[in-house]
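Take a look at this single chain in structure tokens; it is the form predicted on its own.
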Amino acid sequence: MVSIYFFVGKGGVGKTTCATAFSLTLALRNYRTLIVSLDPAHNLGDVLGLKLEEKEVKVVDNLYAVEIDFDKMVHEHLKQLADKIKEMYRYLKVLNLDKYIDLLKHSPGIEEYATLEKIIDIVEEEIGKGKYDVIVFDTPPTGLMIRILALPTITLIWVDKLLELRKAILERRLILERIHGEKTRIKISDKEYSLPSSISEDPVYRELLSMRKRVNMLYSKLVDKNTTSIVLVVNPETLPVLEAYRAYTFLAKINIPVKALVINKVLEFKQPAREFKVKIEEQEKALRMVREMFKDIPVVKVPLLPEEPIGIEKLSKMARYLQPILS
């Protein structure tokens, strides 16, 4: 069984660095690990000091990395969507659907659905191959990622409604077919087309079933705490903590459990200089908020390191702070 980790957090909190260091921890424990960057602002390659692409690149033993081209992903999603629409509604080709399909790129939710489809593709592919024990996703900023994680729940609800509606349409067509003794036909321009009247011959119903199967596969993994782990990443500051708490409470509502919270870049001074007094007070306030808001999950602290954790050697030093996530 493949384990899945999503590192989620506000932009700039060090989400990519934490996800990468954690992936190194897994690899060092002999877990075959794949880390995937879904963030439009790619930093994974920079953190690793490697040139990454959509094809898997070996980082160290047991660790491979992939960086998804966000714009290309959205474009491919739109193309697949357009092809499916044209296939399902062949008889409407005469109406030139291309200009309408082209407008979809500006529709709300396209980026979210494109990312969801990519996650499903990756999970399905890796489960089929059995090459990895763990997949770690470095994700877009919190707002976008939370909408993506909510999509399976929302999609299953409306797909079920669409299946009911489509079934009712087909049943009514079948009644008309029996009354008239022939299939229902429509005329567009100078051509006539017969319409499907049974589930087995209806491409729309088949596509809805296929969509439901794929989305339900991911949903079942997201709500399974033994398979999927959400790791929230914050800095010891008020705004990232508040944003993480909103994500935490929302995910609880849709039954997606959060495994741990990482507080990154914690200042540690035995005797802080006077200039740092206000900053230390702000940090203490944020840490108190964490203790109050996240009582039910483990909290992992990563200190502000003397050197920026870029490259395998420095990431390996950071990795030891993230080991408690595995407990």
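Everything numeric in this text was worked out from a predicted model, so none of it was measured. Quick note: we count residues from 1 along the sequence shown, nothing fancier.
Same protein, other form: the form predicted in complex with a small molecule, not shown, and the subject of what follows.
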Legend entry - Stretch from 276-284, 59-67, 28-36, 298-306 whose residues place a heavy atom within 4.5 Å of the small molecule in the model of the complex: 298-306
Inset, instruction - Please run the contact check for residue 240 against the small molecule in the model of the complex: heavy atoms, 4.5 angstroms, yes or no? - result: no
Legend entry - Non-hydrogen atom contact residue 13 with the small molecule in the model of the complex at 4.5 angstroms: yes
Inset, instruction - Report whether the minimum heavy atom distance between residue 319 and the small molecule in the model of the complex is within 4.5 Å. - result: no
Inset, instruction - Examine residue 196 and determine whether its closest non-hydrogen atom to the small molecule in the model of the complex is within 4.5 angstroms. - result: no
Legend entry - Output flag, 17, 43 and 141 jointly within 4.5 Å of the small molecule in the model of the complex, heavy atom basis: yes
